[in-house]
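Okay, so we've got a single protein chain in two different forms coming up as structure tokens, structure 1 first and structure 2 after it.
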Structure 1
Amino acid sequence: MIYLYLIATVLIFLAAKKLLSPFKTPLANPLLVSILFFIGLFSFTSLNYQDYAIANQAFIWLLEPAVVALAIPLFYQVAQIKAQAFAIIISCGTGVIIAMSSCLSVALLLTDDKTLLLSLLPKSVTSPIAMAIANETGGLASLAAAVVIAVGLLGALGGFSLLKFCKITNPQAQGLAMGCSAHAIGTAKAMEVGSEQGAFSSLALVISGILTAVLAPLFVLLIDIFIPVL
């Protein structure tokens, strides 16, 4: 009967979506509220999280074809993408470098745990890429995945409010910023806001994912300089 958890995921999410729709605050996010509901449920009751995980594998599995389907909004925006190719590459490239260098420099102030630093490095890219990078560099794939999910939620929650506050109102700019900083979870949010935001977020997700995989080894060298191997 554990498959009731699958139905529970749908019902809680749809209920959260319905009940939260009148509230304008970014915290009234159906994804966040549903996640917190289930985390609370398994933390404070004797219900078993493993059963939930098994039952909900179907949704985890559906994420893969859903990522392939992101080609659809991209295709609809292909004219704009071609027209802005230069600006897209420059802003995503800069974004990837800023993502890794800002994360590292702040983390270096707080820790000298090399495994932790290496696991934080790919925090802005989609979790399969982040886990592969962490494996490659000597980070911890599971820690990298956890950080990636947390970062994605953070971007999805606060991203659009922050962008509006900073007068970044161009839908393409908003999409690229979400995809570069909050990968697939940010892209899911961007799809809800608008198809142009969604398409540019998917684009940034792909470009920044690939660039991060290519550039991460350089940042690993930097970590080696700051924290010599013992």
Structure 2
Amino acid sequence: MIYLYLIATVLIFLAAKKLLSPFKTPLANPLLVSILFFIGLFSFTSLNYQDYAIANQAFIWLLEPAVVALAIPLFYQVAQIKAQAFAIIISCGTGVIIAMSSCLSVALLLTDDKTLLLSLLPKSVTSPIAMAIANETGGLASLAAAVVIAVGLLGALGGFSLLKFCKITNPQAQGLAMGCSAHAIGTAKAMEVGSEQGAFSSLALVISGILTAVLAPLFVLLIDIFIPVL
């Protein structure tokens, strides 16, 4: 019976996507609406969330091949990517360092819970990578995944509006910004906007994931240094 939850997840998302398609506001996001629906469902009924999590484990398994599939749009932008490889790597590297250091700085002002800090560290990379990093560094994979989804939704809801406000109109720059800050959910939104934005967002997602995995141990050392002081 619990596997009816899996069917319900798919149907709710498809229904939300269909019903919200006429609306052009960023808030009309089917993923956001689906999440809010299930939060309400489990908050106001006696249904067991643990059963829901078990039933939807298949979606967790599908995250990794989904990330690999993002290589497809990259194939069509290979020439432009090669021509700007250095700028792309520098941009993504800067974005990763700013994302991790700003998150850690704000979190250190609010808490000295080391597990929480380690779980927040990989907030700007896609869920499979964030969960793996959290597991390796001593954080909670489930909390890391929840934070990643929240960050991705925020990016998908307001990312392009912010870029427009800042007068950033270059599709490649837009894609890199979305992929670096809002990972897979932002990349899905970028693909809706344009193929070039989607391709560069996919590239930024991959590069940011690799750089975060490499740099995470250094930030863990910083956490080890600051926690005793607090």
Partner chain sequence: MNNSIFINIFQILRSILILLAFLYFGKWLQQISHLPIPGSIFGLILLFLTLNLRLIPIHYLLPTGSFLLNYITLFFVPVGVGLLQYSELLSIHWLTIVVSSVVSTIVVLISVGFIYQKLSK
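On a predicted model such as this, the values are computed, not experimentally measured, just so you know. Reference numbering: structure 1, starting with residue 1. Basically, rigid core = biggest C-alpha set you can superpose within 1.5 Å across the two forms.
- Where the criterion is the form predicted together with the partner chain, structure 1 meets it and its counterpart does not.
- The Cα position of residue 59 differs by 2 Å or more between structure 1 and structure 2 after fitting on the rigid core.
- Once both forms are fitted on their rigid core, the CA atom of residue 49 lies 2 Å or more apart between structure 1 and structure 2.
- Put the two forms on the same core and the Cα of residue 30 is off by 2 Å or more between structure 1 and structure 2.
- Superposing the rigid core and comparing between structure 1 and structure 2 gives a CA shift of 3.1 Å at residue 40.
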